[in-house]
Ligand SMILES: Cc1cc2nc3c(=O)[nH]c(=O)nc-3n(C[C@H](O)[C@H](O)[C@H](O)COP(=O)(O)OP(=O)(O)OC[C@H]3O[C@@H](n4cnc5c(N)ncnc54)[C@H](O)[C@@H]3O)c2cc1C
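Okay, here we've got a single chain as C-alpha cells, the form predicted alone, with questions on binding and movement later.
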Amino acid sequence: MTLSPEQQAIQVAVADLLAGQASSAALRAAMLAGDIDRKLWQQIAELGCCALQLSEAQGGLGMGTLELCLIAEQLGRRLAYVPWFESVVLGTSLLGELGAEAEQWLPGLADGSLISTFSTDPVQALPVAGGWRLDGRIEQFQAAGSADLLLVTARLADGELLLFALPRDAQGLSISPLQLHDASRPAACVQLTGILLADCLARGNSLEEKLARLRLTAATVLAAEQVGVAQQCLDLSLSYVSGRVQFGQPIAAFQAVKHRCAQMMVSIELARSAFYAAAATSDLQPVAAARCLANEAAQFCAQEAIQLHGGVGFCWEYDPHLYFKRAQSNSQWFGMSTRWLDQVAAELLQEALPHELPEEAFQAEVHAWLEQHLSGEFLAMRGCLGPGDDSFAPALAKRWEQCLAAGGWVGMGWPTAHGGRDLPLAQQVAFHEAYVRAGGPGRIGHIGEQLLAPTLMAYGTPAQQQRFLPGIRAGTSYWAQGYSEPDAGSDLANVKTRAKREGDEWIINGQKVWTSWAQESDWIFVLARTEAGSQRHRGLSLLLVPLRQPGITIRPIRQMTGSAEFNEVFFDSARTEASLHLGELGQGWKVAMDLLGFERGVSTLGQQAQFEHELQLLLSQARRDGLAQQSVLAQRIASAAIGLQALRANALRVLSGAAGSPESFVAKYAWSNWHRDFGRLAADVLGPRANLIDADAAAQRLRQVWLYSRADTIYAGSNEIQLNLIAERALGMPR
C-alpha cells in the first residue's frame, strides 16, 4: 500500500507538468476552441504516459493499473483537456491484448501520434460477402471527435460480440460533436451507415473476457480520476475559505466550515485507499469499492466546494462548477454505483461457500492451531464478541489468553528481544483474519498487548520492560486505560487527576471514567497531573498503577446494552512506586498521544477482522431470510461490504505509511461511522426480531452490534473532536 520510488517519480512528473501547463485558463481556452490541447498531449506522451501499460516488447514500459491510476488522479485534478483515458486506458489497453491483430497501431499509440477511443455500446453487425457490414448509432462516444481510430463493438443476430477498428475517415462514418454540460470531456454522436470491413479484431468468448477485464481496469482508473476531482475541490475550497474574511476573521476558522472540509478529506482518503487496493487485484468487490467510494467522494466534494465558495461558487468564472459537472458525468460511465452495488450484493447473498484452507504455510499453521485449540472448554467462546457479550466469562477468557500465549500468538509482532516473534506485518494480518474466521473470541488482553506493550518498548526503562512485558506476553497480567475523566470527555488535556510525590511513591487522587475492563484488570496506566499548577498539556505524566489496593474503588457503569464492561475508577490517595512513570516526568502528553497511535496500529486489523466476522453473521441471516430479493436492503449490505474493504485498505496504508499521514487522521472517524451505520443495518436485517431478547444466538449477536456500535462515534474522541483534529492538524486550518 505504499508507492515505490519509480511510482512516486511518475506521480511527481505528471503533477509538475500539469501544474505548469494545465491551468484553468488553458482548460477554458481549449473548451472554447473545441479541440484537445495538442501541446499538452504531446508532452504527456513524451513522459511515457501513453505507453505505460504496453509490454516492453510492444514498445511500452510494462507497468500496471496502479501507475495508470496515479496519472489519472493528477489529470482529474486539472481536468486536462486531453483524451488520455479514452486513448490509453481504453483503446491502447484493449489493443495491447490482441497481439498481432493490433500491432500496426501500437507504435503510434505509444508515442501519442495516434489517438484511439473505445465504446462499449454495441452496434449491429451483419455478415456479407468478403467481411462485415456495420450499422447503428452511438449516442455519446467519448473523444470520438479527436480520435484517429475508433474501436467499436457490434453484435450479430445470434448475440455474439465482435470488435472492429474504424479509421475516422471510414466510408459511412459520421461524427457529430455534442454540446455537453461537462464540456471538459468532449463526446460526439457517431452514426455508422453501411460500413464495410473485411476483418474483425476479436470475437466471441475471448472478446467478452477481454472486455470484462478492461471494465474492471477502467473502473479502477476512473475511480482514481474521481479522487483527483475530489482532491482539487478540497484544495480550491481550502484556498478560498482561508482568504475569505467574514465577521472579522477568515471563515476557515468557523467550526462548521472546518467540519465540512474535514469530511471532504475523509471521503477522499477512503476512496484513495480503495483505488490503491483495487489496482492490485481484479476481484469485483475491491473494484466496486473504489468505484462507488470515488463517485461518492467526487460528487460530495464538488457540491461542498460550491457551498464553501458561497455565491461565487455558482458563478461561471469560478472553477467548482467544472468539477461538479465532471463528477456527475464520470459517475455514469462504466456503470453507476447502484449497478456495482447490485453485482456485489448478488455475489454476497448467494449461497455461502466454505472457506478454503489457505495454501500459504503460515496461514495453514494458524488455521490448524485455532481449529485444534478452540475446542473443549474454549468451544463455548467461539464467536464471543468480548466483555459485554452474554457468553463472555472473564476467568475463561484469561485462560484463553494464556493458551494463545503458549501457542506464540501473543506479542507475535514484538521484537524477539522482548519475548516476541518479530513477525512481519503480512503475517500479523493473516493471523487476525484467520482468528476471526475461526470464531476467535474478543481479547481481554488487548489493552496490555497492543497499547501498553509498544509504549513500554518506546518509553519504558529496562527495569520496567523486564517487570511488565513478560506478564503481558504470558497472558497473566491484564491492564486498563485511565485517560477519560467526567469533566474532560474528549478534551484529554483537561485532566484533573493529580499525583503528588511523597518519598518513594506517588499519591494519586482523582477519578477516571469509561475505563474498559477495569474490574478484570490488575494494573492501570493513568494520565495524571504531576506538576502542581500546570495546565492543559503541560505537567502531565503517565503512571503505572496497581488496581488491587486500598484507595481505589471500581464502580461498574451500566450501559444502554444492559452490560457493564465500562467502569468509573476512583483514586483516593492510591499509591504507586515513584519509578513507575513512562517517559520523562511532565512529558506524559506526548507519551499518551503516542500510545493512542499504537491503538490505531496493527490492533486495528484485529478490530476490522471482527467487523468482517459481524458482516458474515449478517450475510448468513440475510440469506436465511431471503433478503436477496429486497433490492434496497441488498444494496445497503453491499455498501457495507465495500465500505469495509475501504477501511481495510486505509488501515494498511496507515501501517505502511509515515506517521501523521493523511490516511491516519481519518481512520477513527471512518471506522466508527461505518460501524455505527452497520449496526443500524444489522437491526434492519433482523426486522422486528431486533426488539426481542431471546435465545437465538446469531440474532442476539447482531442485536449486540446494533447497540454497542452506537457508542463508537463517542468514545476515543467523538466525531466532533475527530473532525476538529482532521481540520486543524491534517489540513492546517486555524483553531
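For every residue, the number given is its place in the sequence shown, counted from 1. From a predicted model like this one, the values you see are computed outputs, not experimental measurements.
The same protein also exists as the form predicted in complex with the ligand; that form is not shown, yet it is the one meant from here on.
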{"query": "Partner-contacting position among S664, Q608, S516, S521 - heavy atom within 4.5 Å of the ligand in the predicted bound form", "finding": "S516"}
{"query": "4.5 Å heavy atom contact, A711 and the ligand in the predicted bound form", "finding": "yes"}
{"query": "Partner contact for T220 in the predicted bound form: the ligand, 4.5 angstroms, heavy atom", "finding": "no"}
{"query": "Partner contact for L725 in the predicted bound form: the ligand, 4.5 angstroms, heavy atom", "finding": "no"}
{"query": "Any non-hydrogen atom of Q255 within 4.5 angstroms of the ligand in the predicted bound form", "finding": "yes"}
{"query": "Contact segment among 476-484, 272-280, 80-88, 315-323, judged by heavy atoms lying within 4.5 Å of the ligand in the predicted bound form", "finding": "476-484"}
{"query": "Residues in 697-735 with any heavy atom within 4.5 Å of the ligand in the predicted bound form", "finding": "Y708, A711, I714, Y715, A716, S718, E720, I721, N724"}
